[in-house]
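Shown here is one chain on its own, the form predicted alone, set out as structure tokens.
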Amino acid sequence: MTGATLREVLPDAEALARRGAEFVLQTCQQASGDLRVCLAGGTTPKRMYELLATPEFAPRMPWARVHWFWGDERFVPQEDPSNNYRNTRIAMFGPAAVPVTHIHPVRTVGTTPDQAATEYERLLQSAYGSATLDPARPLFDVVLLGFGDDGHCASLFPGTAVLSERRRWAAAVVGVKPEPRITLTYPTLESARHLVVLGAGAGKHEVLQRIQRGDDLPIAHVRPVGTLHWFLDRAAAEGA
């Protein structure tokens, strides 16, 4: 693992989504054996997923070797428009006919947020083959993260207790947003060969400036065991 940080600035949001899709495709093509990819919600990743399901990308993607997980999920039914799994299914899994057995959403019905977090943690540990993360053997081949205008990533929000969680792999976040969230913790997200942060639009510009100033924002503290990639469009990166 290199621990390197790389930064790319793309002309616009469409070019950013295309670069992200190309990166995921190339990383999966170059890896041997089964892979684990951790997905993000949001507008920019959604366009990436749509591209991966197009005839340009889909035939080259080793779908049968890739297992898909999520960095966070809203604790709402899977058919709710805000559900990350639902939106990824519509954008990519359905059009690309991804094997259902390779899709691992967070359970959000018939359980509690805490139980859902524990269940997802156990699912990840089973996929990894251990209850202890080894920096030399990352859990994920690729982790995709967006970030909010407040600097949050996944559902790691400023000022929340989960930011200091180092033992749990997943945790419930309750009371910050109208609906509870299930989020992977820093150690889990950071167990990645490649962690890609996606930022598009002028709304992200201030967050990037705050990171440069050294402000205490959740996204600023992400330190993967592998390579950290920042993929930004020009509107987000201008002057930052």
Ligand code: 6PG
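Note that this is a predicted model, so its numbers are computed, not measured. Residue positions are given as counts along the sequence shown, with the first one as 1.
One more form of this protein should be noted, the form predicted in complex with the ligand, which is absent from this view; the next part is about it.
This chain is drawn without the ligand; in the predicted complex, the residue among Q29, Q209, T43, T54 with a heavy atom within 4.5 Å of it is T43. Checking R47, H194, R36, R181 against the ligand in the predicted complex, a heavy atom within 4.5 Å turns up for just one residue: R181. Residue heavy atoms within 4.5 Å of the ligand in the predicted complex occur in exactly one stretch of 97-105, 121-129, 152-160, 134-142, and that stretch is 152-160. With a 4.5 Å cutoff on heavy atoms, G148 counts as touching the ligand in the predicted complex. Taking non-hydrogen atoms only, N84 approaches the ligand to within 4.5 angstroms in the predicted complex. Applying a 4.5 Å heavy atom cutoff to the ligand in the predicted complex picks out D72, R74, N84 from 68-105, in order along the sequence.
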